[in-house]
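We begin with a single chain expressed as structure tokens, specifically the form predicted alone.
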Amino acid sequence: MNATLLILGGTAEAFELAERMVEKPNLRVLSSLAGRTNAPRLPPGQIRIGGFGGASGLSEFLRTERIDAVVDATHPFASRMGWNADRACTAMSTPLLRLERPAWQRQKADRWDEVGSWDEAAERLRRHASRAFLALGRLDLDAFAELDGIWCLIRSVERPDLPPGLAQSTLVSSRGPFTLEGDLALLREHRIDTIACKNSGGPIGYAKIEAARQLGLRVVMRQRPPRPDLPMVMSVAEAVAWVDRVLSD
């Protein structure tokens, strides 16, 4: 096998897939990261950081790098990359697989308000919250800039640039995985009544969902955006099998 695999990464699943694939003989593994954090955890193999310039830029990259297969293992909310990958791979006739972790499922004791956008989430907070935990990415905060009368706790890997309406928020800089005990303590200490987050799935951020369940807190949960209809698996082992099969054809 003399081939090149492109992994669109930035997730734990993408990292694990790169670890598994670099052990394959005669396979070049190239991981692409969006570059939204200053010190990302770099997977083994070759690395590129930054955008492609849309679907056309990715098509050109596939051509010049002679990519034989692509696995889109980006975050479930990185929908633009997903659509660009679908268009680029279709244009270049390059096999494409989506590796996506399963979404969290509502349990009996959960108090979820499921919403489709951050604007809708902000409106739910205005109606129901007095002390909110915004467990979001730093690029998602603008929709919550005008939560008048609502105290906010913000947890982010890197210190975000806060919009004026959130200037008095309390910031917690931390990187997961988080523990149930730690999130219970955090929510109690700050007397949180509502959490706003996205349905990222996976174990890294699930502690806050378990903690909210135990404490009876409302969770305003943004649902995942739509993605292209293409082959999809939910485990790294399945992705490895797909790559082996595609590259052996």
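Numbers for residues come from their place in the sequence shown, where the first is 1. Computed from a prediction, not measured in an experiment: that's the story for all the values here.
Below, we turn to the form predicted in complex with a small molecule, even though it does not appear here.
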query	finding
Site test, L33, G50 and A78 vs the small molecule in the model of the complex, non-hydrogen atom cutoff 4.5 Å	yes
Close approach of V243 to the small molecule in the model of the complex, 4.5 Å, heavy atom	no
Proximity of K208 to the small molecule in the model of the complex, heavy atoms at 4.5 Å	no
Any non-hydrogen atom of P44 within 4.5 angstroms of the small molecule in the model of the complex	no
is_contact(P40, the small molecule) in the model of the complex, heavy atom dist at most 4.5 Å	no
Interface stretch in the model of the complex with the small molecule - options 105-113, 67-75, 173-181, 119-127, non-hydrogen atom within 4.5 Å	67-75
